[in-house]
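Taking the form predicted alone, here's one chain by itself in structure tokens.
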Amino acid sequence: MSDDRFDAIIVGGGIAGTVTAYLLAKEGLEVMLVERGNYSGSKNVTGGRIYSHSLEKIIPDFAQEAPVERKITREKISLMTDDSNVTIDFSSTRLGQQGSDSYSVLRGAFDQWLAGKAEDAGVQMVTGIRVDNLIVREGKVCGIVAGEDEMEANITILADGVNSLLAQKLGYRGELSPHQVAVGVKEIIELPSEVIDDRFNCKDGEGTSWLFAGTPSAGKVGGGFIYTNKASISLGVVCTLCELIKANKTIPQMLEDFKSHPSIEPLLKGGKMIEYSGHLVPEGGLHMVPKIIGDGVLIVGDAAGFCINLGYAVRGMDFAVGSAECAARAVLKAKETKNYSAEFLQCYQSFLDDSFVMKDLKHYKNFPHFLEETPRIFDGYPGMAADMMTDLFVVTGNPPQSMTRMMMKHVKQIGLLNIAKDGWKGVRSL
């Protein structure tokens, strides 16, 4: 066993863990971060977008030096059927305003940059090591066990991702429920920058976020996504685990069908797949947040369930940064009094409650349930929208109908009352 004792040991070198380590080391604490991958970001998978507001407060103007890909200035949301695609397209310079902008990122490069910032601040980075267990004495977490090595700390912070086995070993959470998580697969497809500019109607350095509901997830709860990078496209499909077992397709087949859709295939022409990855995604929102505070231990980021899918926006990285900041504040306060008890560390919960993290999760707490209980969003409304657009734009020479009659025949297939109920429930959940 090592004689060294750290102020803090952090398990997980993703955004939440690295930002926590960076903030603590900047204040002079002895911090070790343990990452099981060969480098920070090697095990991290995300669709590829970070909202800047939270990290901007910690590292002002970070996008000027960080390896971000493109500033997102175009938002697209589509309802997709097997042969059609109905899209809302919004582009605006307001999407790119400093402090409230967002960027597509590739986690391998971005997380390594963050890790470099943490090392510069004094964090001892240990990579390629898996933490097998925690040192627990009389109910207090005192450090980590990695292979035959034990390392102790005043506080241990778990940032080991959505499937946090360490939190499970502590009894802070049970097995993940199939309705709380989704399975996502993603490809990074290499294309020349100028080709991406042309195909997605982007200016140099600007990019598009594009979300899809309907056939990408075979009509089940989930969807597809595209994010434009500098010289590649991040493209993937996500499907809630409880829905996946009822689907007639596997996730890889959903991805292949999405890529070959007539609206998507031309965008990928000539591209080369350079990376393929899969990941569990926390989808339960506030209802899947486990116990996050104990004697000598805090939980941050995806491990704490801090992620939300709103249909029109997917947020996780800004929550990771926000929870990291709150955890760092709690640890610094605990160090002042040398009190790392669960009772004292409740200040972490107070900081979270006062931050956008918990305020947003509470505000949208009913939305995951709304999606789960409204399958028509994925297997009914895309077809209705496509049929409406077909009648609107296809000229056959047949006698014309009034617009009201033409649209209502499609509305009646789902039911006007059902649409009203879904709309009301959706608005209330947001």
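All residue numbers are counted from 1 along the displayed sequence. These figures come from a predicted structure and were not determined experimentally.
Keep in mind the form predicted in complex with a small molecule is missing from the figure; the text below concerns it.
In the model of the complex, the residue from Lys203, Lys338, Arg130, Lys246 that sits within 4.5 Å of the small molecule by heavy atoms: Contact with the small molecule in the model of the complex is made by Arg130 alone.
Using heavy atoms only and a 4.5 Å cut-off, determine which of Val123, Met80, Ala328, Ala159 is in contact with the small molecule in the model of the complex. Partner contact (heavy atom, 4.5 Å) among the options: Ala159.
Counting only non-hydrogen atoms, which stretch in 160 to 168, 249 to 257, 193 to 201, 84 to 92 is within 4.5 Å of the small molecule in the model of the complex? Selected stretch: 160 to 168.
Check Gly284 for me: does it contact the small molecule in the model of the complex (non-hydrogen atoms, 4.5 angstroms)? Answer no; every heavy atom of Gly284 is more than 4.5 Å from the small molecule in the model of the complex.
Examine Ile15 and determine whether its closest non-hydrogen atom to the small molecule in the model of the complex is within 4.5 angstroms. Residue-level check for Ile15: yes, a contact with the small molecule.
Taking the small molecule as it sits in the model of the complex, is Val141 near enough to touch it, meaning that at least one heavy atom pair lies within 4.5 angstroms? Val141 lies outside the contact set for the small molecule.
Indicate whether Asn44 is a 4.5 Å heavy atom neighbour of the small molecule in the model of the complex. Answer yes; at least one heavy atom of Asn44 falls within 4.5 Å of the small molecule in the model of the complex.
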